[in-house]
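Only one chain is shown below, in C-alpha coordinates, and it's the form predicted alone.
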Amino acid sequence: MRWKEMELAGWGRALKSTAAVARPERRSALAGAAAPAIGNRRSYGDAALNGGGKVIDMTRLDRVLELEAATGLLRVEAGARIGELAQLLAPRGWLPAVMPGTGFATVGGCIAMDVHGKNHHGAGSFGMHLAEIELIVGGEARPIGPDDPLWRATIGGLGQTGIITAATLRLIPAKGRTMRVREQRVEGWDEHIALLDSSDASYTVGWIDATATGARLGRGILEEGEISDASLPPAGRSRKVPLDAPGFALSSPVVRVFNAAYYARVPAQGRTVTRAQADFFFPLDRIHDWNRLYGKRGFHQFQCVVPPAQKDALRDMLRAIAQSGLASPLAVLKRMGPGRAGMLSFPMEGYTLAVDFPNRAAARSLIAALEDLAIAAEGRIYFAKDSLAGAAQVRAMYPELADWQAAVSAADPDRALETDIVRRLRLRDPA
(Lines give C-alpha, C1' and ligand atoms only; values in the text may rest on other atoms or scores of the structure.)
Protein backbone atom coordinates (compact mmCIF):
# COMPACT_ATOMS: atom_id res chain seq x y z
CA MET A 1 0.00 0.00 0.00
CA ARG A 2 1.05 3.56 -0.63
CA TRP A 3 1.17 5.96 2.31
CA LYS A 4 0.68 9.71 2.26
CA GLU A 5 1.11 12.00 5.25
CA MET A 6 -2.07 13.96 5.98
CA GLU A 7 -3.64 16.03 8.73
CA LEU A 8 -6.89 14.45 9.84
CA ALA A 9 -9.68 15.63 12.11
CA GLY A 10 -12.78 14.16 13.68
CA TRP A 11 -16.15 15.54 12.65
CA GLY A 12 -16.05 18.00 15.53
CA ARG A 13 -12.82 19.49 14.10
CA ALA A 14 -11.62 20.32 17.62
CA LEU A 15 -9.09 17.44 17.67
CA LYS A 16 -6.60 16.94 14.85
CA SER A 17 -3.44 14.94 14.22
CA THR A 18 -1.08 14.02 11.39
CA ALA A 19 -0.68 10.44 10.19
CA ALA A 20 0.42 8.43 7.17
CA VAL A 21 -2.73 7.37 5.30
CA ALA A 22 -3.23 4.49 2.86
CA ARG A 23 -6.39 4.06 0.75
CA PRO A 24 -6.47 0.48 -0.60
CA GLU A 25 -8.91 -0.45 -3.35
CA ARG A 26 -8.92 -4.21 -2.77
CA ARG A 27 -9.17 -6.23 0.41
CA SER A 28 -6.28 -8.36 -0.79
CA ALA A 29 -4.03 -5.34 -0.28
CA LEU A 30 -4.67 -5.58 3.46
CA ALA A 31 -2.92 -8.94 3.89
CA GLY A 32 -0.37 -8.56 6.65
CA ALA A 33 -1.53 -5.02 7.49
CA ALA A 34 -1.14 -3.82 11.08
CA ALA A 35 -2.52 -0.29 11.38
CA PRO A 36 -5.85 1.15 12.57
CA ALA A 37 -8.67 1.21 10.00
CA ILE A 38 -10.81 4.33 9.62
CA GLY A 39 -13.90 5.23 7.61
CA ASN A 40 -15.45 8.61 6.84
CA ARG A 41 -14.35 10.07 10.20
CA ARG A 42 -17.90 10.82 11.32
CA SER A 43 -16.96 10.19 14.94
CA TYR A 44 -16.76 13.61 16.53
CA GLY A 45 -13.51 13.32 18.49
CA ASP A 46 -10.28 11.36 18.05
CA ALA A 47 -11.58 7.82 17.49
CA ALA A 48 -10.28 7.82 13.89
CA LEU A 49 -6.99 9.60 14.59
CA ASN A 50 -3.51 8.13 15.16
CA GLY A 51 -1.10 11.01 15.57
CA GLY A 52 2.41 10.24 14.36
CA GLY A 53 1.41 6.77 13.14
CA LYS A 54 -0.47 5.16 10.26
CA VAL A 55 -4.14 4.67 9.42
CA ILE A 56 -5.87 2.72 6.65
CA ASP A 57 -8.72 4.60 4.98
CA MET A 58 -11.32 1.94 4.09
CA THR A 59 -13.70 4.12 2.09
CA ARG A 60 -12.70 2.68 -1.29
CA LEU A 61 -13.63 -0.79 -0.07
CA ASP A 62 -17.35 -0.17 -0.43
CA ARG A 63 -18.64 -3.00 -2.61
CA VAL A 64 -21.83 -4.95 -2.13
CA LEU A 65 -20.64 -8.56 -2.27
CA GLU A 66 -23.91 -10.48 -2.05
CA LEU A 67 -27.59 -9.87 -1.37
CA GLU A 68 -29.90 -12.76 -0.56
CA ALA A 69 -33.16 -11.14 -1.63
CA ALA A 70 -35.30 -13.92 -0.14
CA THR A 71 -33.78 -13.82 3.35
CA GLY A 72 -32.50 -10.25 3.66
CA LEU A 73 -28.87 -11.15 4.26
CA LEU A 74 -26.41 -8.60 2.86
CA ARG A 75 -22.66 -9.16 2.65
CA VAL A 76 -20.82 -5.91 2.10
CA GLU A 77 -17.35 -4.43 2.42
CA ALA A 78 -16.57 -2.35 5.48
CA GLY A 79 -16.22 0.97 3.65
CA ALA A 80 -19.79 0.98 2.31
CA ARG A 81 -21.88 3.94 3.49
CA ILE A 82 -25.08 3.25 5.39
CA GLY A 83 -27.03 5.94 3.49
CA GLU A 84 -26.05 4.53 0.11
CA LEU A 85 -27.01 1.04 1.24
CA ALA A 86 -30.43 2.32 2.35
CA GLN A 87 -30.95 4.01 -1.01
CA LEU A 88 -29.97 0.82 -2.83
CA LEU A 89 -32.00 -1.56 -0.68
CA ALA A 90 -35.31 0.26 -0.14
CA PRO A 91 -36.57 -0.28 -3.73
CA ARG A 92 -35.81 -3.99 -3.19
CA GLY A 93 -37.92 -4.12 -0.03
CA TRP A 94 -35.16 -4.03 2.60
CA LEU A 95 -33.33 -1.61 4.88
CA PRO A 96 -30.43 -1.85 7.32
CA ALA A 97 -32.00 -2.76 10.65
CA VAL A 98 -30.28 0.08 12.50
CA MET A 99 -29.08 3.38 11.05
CA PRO A 100 -27.23 6.16 12.89
CA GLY A 101 -27.93 9.86 12.43
CA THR A 102 -25.72 10.21 9.36
CA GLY A 103 -25.75 8.17 6.18
CA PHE A 104 -22.04 8.87 5.71
CA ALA A 105 -21.12 6.38 8.44
CA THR A 106 -19.45 3.25 7.08
CA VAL A 107 -20.39 -0.31 7.94
CA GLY A 108 -17.01 -0.81 9.61
CA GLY A 109 -17.51 2.32 11.68
CA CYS A 110 -21.02 1.24 12.67
CA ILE A 111 -19.60 -2.04 13.94
CA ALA A 112 -16.64 -0.47 15.74
CA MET A 113 -19.01 1.91 17.59
CA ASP A 114 -22.03 -0.43 17.77
CA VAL A 115 -24.16 2.51 16.71
CA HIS A 116 -27.82 2.99 17.57
CA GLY A 117 -30.67 4.73 15.80
CA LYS A 118 -34.13 6.16 16.32
CA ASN A 119 -35.47 2.60 16.77
CA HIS A 120 -33.14 1.45 19.54
CA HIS A 121 -36.03 1.01 21.98
CA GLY A 122 -37.31 -1.79 19.75
CA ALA A 123 -34.46 -2.96 17.51
CA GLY A 124 -31.42 -2.59 19.74
CA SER A 125 -27.97 -1.72 18.42
CA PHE A 126 -26.31 -2.25 15.04
CA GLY A 127 -24.24 -5.20 16.21
CA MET A 128 -27.33 -7.17 17.19
CA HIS A 129 -28.17 -7.52 13.50
CA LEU A 130 -24.84 -8.92 12.30
CA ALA A 131 -24.46 -12.50 11.13
CA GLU A 132 -20.71 -12.47 10.46
CA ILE A 133 -17.68 -10.16 10.46
CA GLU A 134 -14.58 -10.58 8.31
CA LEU A 135 -11.63 -9.53 10.44
CA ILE A 136 -7.88 -9.33 9.84
CA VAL A 137 -6.23 -10.62 13.02
CA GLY A 138 -2.47 -10.99 13.18
CA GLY A 139 -2.23 -10.09 9.50
CA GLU A 140 -4.62 -12.82 8.32
CA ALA A 141 -8.28 -12.48 7.34
CA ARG A 142 -10.81 -14.78 8.93
CA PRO A 143 -14.57 -14.77 9.51
CA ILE A 144 -15.87 -14.50 13.06
CA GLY A 145 -19.38 -15.16 14.29
CA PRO A 146 -21.35 -14.76 17.52
CA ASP A 147 -19.64 -17.79 19.10
CA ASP A 148 -16.12 -16.44 18.51
CA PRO A 149 -14.32 -15.02 21.58
CA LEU A 150 -13.55 -11.86 19.59
CA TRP A 151 -17.18 -11.16 18.62
CA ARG A 152 -18.24 -9.03 21.60
CA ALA A 153 -14.81 -7.42 21.82
CA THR A 154 -14.99 -6.36 18.14
CA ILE A 155 -18.52 -4.93 18.17
CA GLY A 156 -18.23 -1.53 19.83
CA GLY A 157 -14.52 -2.25 20.29
CA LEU A 158 -13.07 0.80 18.46
CA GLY A 159 -11.26 -1.34 15.89
CA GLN A 160 -8.82 -2.75 18.44
CA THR A 161 -9.25 -6.48 17.73
CA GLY A 162 -8.35 -6.28 14.03
CA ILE A 163 -9.21 -4.64 10.73
CA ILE A 164 -12.88 -5.09 9.86
CA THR A 165 -12.94 -5.72 6.10
CA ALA A 166 -16.49 -6.97 5.46
CA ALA A 167 -19.66 -8.00 7.25
CA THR A 168 -22.94 -9.82 6.73
CA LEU A 169 -25.97 -7.79 7.87
CA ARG A 170 -29.45 -9.05 8.68
CA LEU A 171 -31.77 -6.53 7.02
CA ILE A 172 -35.36 -5.69 7.93
CA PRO A 173 -38.30 -5.66 5.49
CA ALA A 174 -39.28 -2.23 4.19
CA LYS A 175 -42.66 -1.86 2.53
CA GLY A 176 -41.83 1.48 0.95
CA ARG A 177 -39.29 4.22 0.34
CA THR A 178 -40.80 6.99 2.46
CA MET A 179 -41.55 7.71 6.10
CA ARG A 180 -44.86 8.69 7.64
CA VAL A 181 -43.92 11.04 10.45
CA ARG A 182 -46.09 12.37 13.27
CA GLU A 183 -44.73 15.64 14.73
CA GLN A 184 -46.03 17.24 17.91
CA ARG A 185 -44.94 20.02 20.19
CA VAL A 186 -43.83 19.11 23.71
CA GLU A 187 -44.28 21.76 26.39
CA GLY A 188 -41.72 20.62 28.96
CA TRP A 189 -39.52 17.91 30.45
CA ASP A 190 -42.12 15.71 32.14
CA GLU A 191 -44.29 15.64 29.03
CA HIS A 192 -41.27 14.81 26.87
CA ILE A 193 -40.39 11.80 29.02
CA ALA A 194 -44.01 10.66 29.22
CA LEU A 195 -44.44 10.80 25.44
CA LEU A 196 -41.22 8.88 24.84
CA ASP A 197 -42.33 6.22 27.33
CA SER A 198 -45.79 5.84 25.83
CA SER A 199 -44.80 5.88 22.16
CA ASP A 200 -45.35 2.64 20.27
CA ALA A 201 -43.86 3.94 17.00
CA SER A 202 -41.05 2.02 15.34
CA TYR A 203 -38.86 5.14 15.21
CA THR A 204 -38.98 7.87 17.86
CA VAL A 205 -36.79 10.90 18.55
CA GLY A 206 -37.18 14.13 20.48
CA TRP A 207 -35.60 17.46 19.57
CA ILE A 208 -35.04 19.66 22.61
CA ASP A 209 -34.78 23.43 22.81
CA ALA A 210 -31.68 23.44 25.01
CA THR A 211 -32.05 27.20 25.63
CA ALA A 212 -35.45 26.93 27.33
CA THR A 213 -35.55 27.44 31.09
CA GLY A 214 -38.07 27.41 33.95
CA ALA A 215 -41.40 25.77 33.15
CA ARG A 216 -40.35 25.39 29.52
CA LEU A 217 -37.24 23.34 30.37
CA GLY A 218 -37.17 20.31 28.10
CA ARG A 219 -39.68 21.65 25.59
CA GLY A 220 -39.24 20.51 22.03
CA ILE A 221 -40.68 18.41 19.23
CA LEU A 222 -41.38 14.68 19.28
CA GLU A 223 -41.16 12.80 15.98
CA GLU A 224 -42.63 9.32 15.53
CA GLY A 225 -41.99 7.55 12.25
CA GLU A 226 -43.08 4.47 10.33
CA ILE A 227 -41.84 3.14 7.00
CA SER A 228 -44.41 4.02 4.36
CA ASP A 229 -45.26 3.25 0.75
CA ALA A 230 -46.66 6.75 0.17
CA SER A 231 -45.50 8.69 -2.87
CA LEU A 232 -42.03 10.14 -2.58
CA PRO A 233 -42.18 13.88 -1.87
CA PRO A 234 -40.07 16.24 -3.98
CA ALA A 235 -36.42 16.02 -2.96
CA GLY A 236 -35.11 18.92 -0.96
CA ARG A 237 -32.12 20.79 -2.32
CA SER A 238 -28.76 19.91 -0.80
CA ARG A 239 -26.76 22.80 0.56
CA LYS A 240 -23.11 23.27 1.42
CA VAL A 241 -21.48 25.39 4.10
CA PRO A 242 -18.77 27.06 1.96
CA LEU A 243 -16.60 28.47 4.74
CA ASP A 244 -16.04 28.51 8.48
CA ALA A 245 -18.76 30.55 10.16
CA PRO A 246 -17.80 33.54 12.33
CA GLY A 247 -17.98 33.18 16.10
CA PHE A 248 -21.28 35.02 16.48
CA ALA A 249 -23.11 32.65 14.11
CA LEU A 250 -24.05 30.34 17.00
CA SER A 251 -24.06 32.90 19.79
CA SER A 252 -26.66 32.52 22.53
CA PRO A 253 -29.10 35.13 21.13
CA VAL A 254 -28.92 33.59 17.64
CA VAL A 255 -29.52 30.09 18.97
CA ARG A 256 -32.51 31.24 21.07
CA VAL A 257 -34.14 32.89 18.05
CA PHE A 258 -33.49 29.86 15.83
CA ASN A 259 -34.83 27.41 18.42
CA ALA A 260 -37.99 29.44 18.94
CA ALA A 261 -38.63 29.48 15.18
CA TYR A 262 -37.88 25.77 14.85
CA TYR A 263 -40.27 24.94 17.68
CA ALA A 264 -43.01 27.08 16.10
CA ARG A 265 -42.71 25.37 12.71
CA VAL A 266 -44.90 22.54 14.02
CA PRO A 267 -48.56 23.61 14.49
CA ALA A 268 -49.90 23.57 18.05
CA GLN A 269 -52.20 20.66 17.14
CA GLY A 270 -49.32 18.69 15.59
CA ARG A 271 -49.18 17.29 12.08
CA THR A 272 -48.43 14.16 10.05
CA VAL A 273 -46.12 14.47 7.06
CA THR A 274 -44.48 12.22 4.47
CA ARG A 275 -40.72 12.43 4.14
CA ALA A 276 -38.05 10.76 2.09
CA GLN A 277 -36.33 8.16 4.24
CA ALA A 278 -32.98 9.94 3.99
CA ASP A 279 -34.53 13.16 5.28
CA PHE A 280 -35.89 11.35 8.34
CA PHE A 281 -32.94 9.15 9.19
CA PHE A 282 -30.16 11.56 8.19
CA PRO A 283 -31.63 15.06 8.54
CA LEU A 284 -28.33 16.95 8.50
CA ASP A 285 -26.75 15.14 5.56
CA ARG A 286 -28.33 17.58 3.11
CA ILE A 287 -26.19 20.33 4.63
CA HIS A 288 -22.74 19.27 3.51
CA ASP A 289 -19.92 20.29 5.86
CA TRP A 290 -22.41 21.53 8.46
CA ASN A 291 -19.66 21.18 11.06
CA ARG A 292 -18.14 24.38 9.64
CA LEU A 293 -21.02 26.31 11.23
CA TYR A 294 -19.05 26.14 14.49
CA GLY A 295 -16.07 28.00 13.04
CA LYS A 296 -12.40 27.09 12.82
CA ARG A 297 -12.17 25.95 16.43
CA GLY A 298 -14.81 23.28 15.88
CA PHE A 299 -17.18 21.85 18.45
CA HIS A 300 -17.68 19.12 21.04
CA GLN A 301 -20.69 16.95 21.63
CA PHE A 302 -21.74 15.58 24.97
CA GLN A 303 -23.84 12.43 24.77
CA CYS A 304 -24.67 10.20 27.68
CA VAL A 305 -27.22 7.55 28.57
CA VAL A 306 -28.63 6.99 32.05
CA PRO A 307 -30.88 4.20 33.38
CA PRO A 308 -34.64 4.84 33.68
CA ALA A 309 -34.54 5.45 37.42
CA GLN A 310 -31.99 8.23 36.90
CA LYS A 311 -33.89 10.23 34.29
CA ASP A 312 -34.02 13.24 36.61
CA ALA A 313 -30.24 13.45 36.27
CA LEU A 314 -30.76 14.35 32.62
CA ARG A 315 -33.12 17.12 33.68
CA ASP A 316 -30.39 18.48 35.95
CA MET A 317 -27.94 18.33 33.06
CA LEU A 318 -30.37 20.10 30.77
CA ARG A 319 -30.94 22.80 33.36
CA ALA A 320 -27.17 23.42 33.60
CA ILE A 321 -26.92 23.52 29.80
CA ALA A 322 -29.80 25.99 29.44
CA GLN A 323 -28.41 28.28 32.12
CA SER A 324 -24.94 28.24 30.56
CA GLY A 325 -26.05 29.85 27.29
CA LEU A 326 -23.59 27.58 25.43
CA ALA A 327 -25.90 25.12 23.68
CA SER A 328 -26.34 24.93 19.92
CA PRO A 329 -29.61 24.07 18.14
CA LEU A 330 -28.54 20.42 17.97
CA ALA A 331 -29.96 18.73 21.06
CA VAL A 332 -31.63 15.30 20.98
CA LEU A 333 -33.42 13.11 23.53
CA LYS A 334 -34.24 9.44 22.91
CA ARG A 335 -35.64 6.47 24.81
CA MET A 336 -33.32 3.47 24.59
CA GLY A 337 -33.98 -0.21 25.10
CA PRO A 338 -31.57 -2.75 26.61
CA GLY A 339 -30.06 -3.95 23.33
CA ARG A 340 -26.26 -3.86 23.07
CA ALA A 341 -23.91 -6.26 21.31
CA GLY A 342 -20.40 -5.57 22.61
CA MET A 343 -18.39 -5.25 25.80
CA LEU A 344 -17.85 -1.52 25.23
CA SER A 345 -21.17 -0.82 23.51
CA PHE A 346 -22.72 2.48 24.56
CA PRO A 347 -26.44 1.64 24.79
CA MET A 348 -28.26 0.72 27.97
CA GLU A 349 -31.95 0.84 28.80
CA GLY A 350 -32.84 4.38 29.71
CA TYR A 351 -32.64 7.81 28.14
CA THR A 352 -29.90 9.40 26.06
CA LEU A 353 -29.26 13.13 25.72
CA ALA A 354 -26.93 14.60 23.08
CA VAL A 355 -26.02 18.29 22.82
CA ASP A 356 -23.43 20.11 20.69
CA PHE A 357 -21.28 22.96 22.04
CA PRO A 358 -18.85 25.33 20.30
CA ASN A 359 -15.25 24.59 21.27
CA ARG A 360 -14.72 27.14 24.02
CA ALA A 361 -13.13 26.93 27.47
CA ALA A 362 -16.50 27.43 29.19
CA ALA A 363 -18.05 24.60 27.15
CA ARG A 364 -15.21 22.25 28.00
CA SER A 365 -15.69 22.97 31.69
CA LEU A 366 -19.43 22.42 31.37
CA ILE A 367 -18.95 19.08 29.61
CA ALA A 368 -16.61 17.94 32.38
CA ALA A 369 -19.35 18.71 34.91
CA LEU A 370 -21.92 16.88 32.79
CA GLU A 371 -19.66 13.82 32.61
CA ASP A 372 -19.44 13.77 36.41
CA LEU A 373 -23.24 13.91 36.61
CA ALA A 374 -23.44 10.96 34.18
CA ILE A 375 -21.13 8.91 36.41
CA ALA A 376 -23.14 9.79 39.51
CA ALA A 377 -26.28 8.62 37.66
CA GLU A 378 -24.66 5.26 36.77
CA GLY A 379 -24.66 6.24 33.09
CA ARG A 380 -22.02 6.28 30.39
CA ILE A 381 -20.75 8.49 27.59
CA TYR A 382 -20.55 7.59 23.90
CA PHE A 383 -17.09 7.03 22.41
CA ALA A 384 -18.32 8.07 18.96
CA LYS A 385 -19.05 11.56 20.26
CA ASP A 386 -16.50 12.04 23.05
CA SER A 387 -13.41 14.21 22.73
CA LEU A 388 -12.82 15.39 26.30
CA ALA A 389 -13.33 12.61 28.86
CA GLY A 390 -10.58 11.23 31.06
CA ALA A 391 -9.49 7.66 31.75
CA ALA A 392 -10.78 7.51 35.33
CA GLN A 393 -14.25 8.63 34.27
CA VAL A 394 -14.57 5.98 31.57
CA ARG A 395 -13.45 3.11 33.81
CA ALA A 396 -16.41 3.82 36.07
CA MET A 397 -18.81 3.64 33.12
CA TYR A 398 -17.84 0.38 31.37
CA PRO A 399 -17.87 -2.63 33.73
CA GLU A 400 -16.69 -5.09 31.04
CA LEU A 401 -13.54 -3.10 30.29
CA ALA A 402 -11.18 -5.70 31.80
CA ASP A 403 -12.71 -8.51 29.71
CA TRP A 404 -12.36 -6.37 26.60
CA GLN A 405 -8.73 -5.59 27.44
CA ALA A 406 -7.91 -9.29 27.72
CA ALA A 407 -9.46 -10.08 24.32
CA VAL A 408 -7.76 -7.12 22.64
CA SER A 409 -4.36 -7.92 24.13
CA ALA A 410 -4.56 -11.44 22.72
CA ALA A 411 -5.61 -10.19 19.27
CA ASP A 412 -3.18 -7.23 19.05
CA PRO A 413 -0.35 -7.85 21.56
CA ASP A 414 1.94 -5.24 19.96
CA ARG A 415 -0.71 -2.50 20.22
CA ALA A 416 -0.39 -1.77 16.51
CA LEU A 417 -4.08 -0.80 16.32
CA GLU A 418 -4.11 1.84 19.06
CA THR A 419 -5.61 5.20 18.16
CA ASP A 420 -5.61 8.59 19.84
CA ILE A 421 -8.84 7.94 21.76
CA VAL A 422 -7.52 4.65 23.09
CA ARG A 423 -4.38 6.35 24.39
CA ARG A 424 -6.25 9.39 25.74
CA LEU A 425 -8.63 7.21 27.72
CA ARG A 426 -5.96 4.59 28.50
CA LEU A 427 -8.47 1.96 27.44
CA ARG A 428 -5.88 -0.76 26.98
CA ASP A 429 -3.98 -0.04 30.18
CA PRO A 430 -4.71 -2.16 33.26
CA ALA A 431 -6.41 -0.40 36.14
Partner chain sequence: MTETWIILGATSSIARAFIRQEAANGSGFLLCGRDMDDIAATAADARLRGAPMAEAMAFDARQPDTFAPILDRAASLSGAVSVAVFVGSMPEQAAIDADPAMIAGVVTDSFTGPAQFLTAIAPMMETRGAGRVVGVGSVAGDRGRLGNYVYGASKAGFATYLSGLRNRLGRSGVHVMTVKPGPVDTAMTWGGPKQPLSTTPEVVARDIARGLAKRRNVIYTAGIWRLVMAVVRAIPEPIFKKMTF
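Remember, predicted model here, so these are calculated numbers, not experimental data. Residue numbers count along the first chain shown, from 1.
The next section is about a form of this same protein that is not shown, the form predicted in complex with its partner chain.
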property: Residue 368: touches its partner chain in the model of the complex, heavy atom cutoff 4.5 angstroms; result: no
property: is_contact(residue 364, its partner chain) in the model of the complex, heavy atom dist at most 4.5 Å; result: no
property: Non-hydrogen atom contact residue 401 with its partner chain in the model of the complex at 4.5 angstroms; result: no
property: Distance check, residue 289 to its partner chain in the model of the complex, heavy atom within 4.5 Å; result: no
property: In the model of the complex, segment of 88 to 96, 329 to 337, 262 to 270, 133 to 141 with a heavy atom within 4.5 Å of its partner chain; result: 88 to 96
property: Contacting member of 65, 391, 406, 31, with respect to its partner chain in the model of the complex [4.5 Å, heavy atom]; result: 65
property: Heavy atom contacts to its partner chain in the model of the complex at 4.5 Å, residues of 1 to 16 in sequence order; result: 2, 3, 4, 6
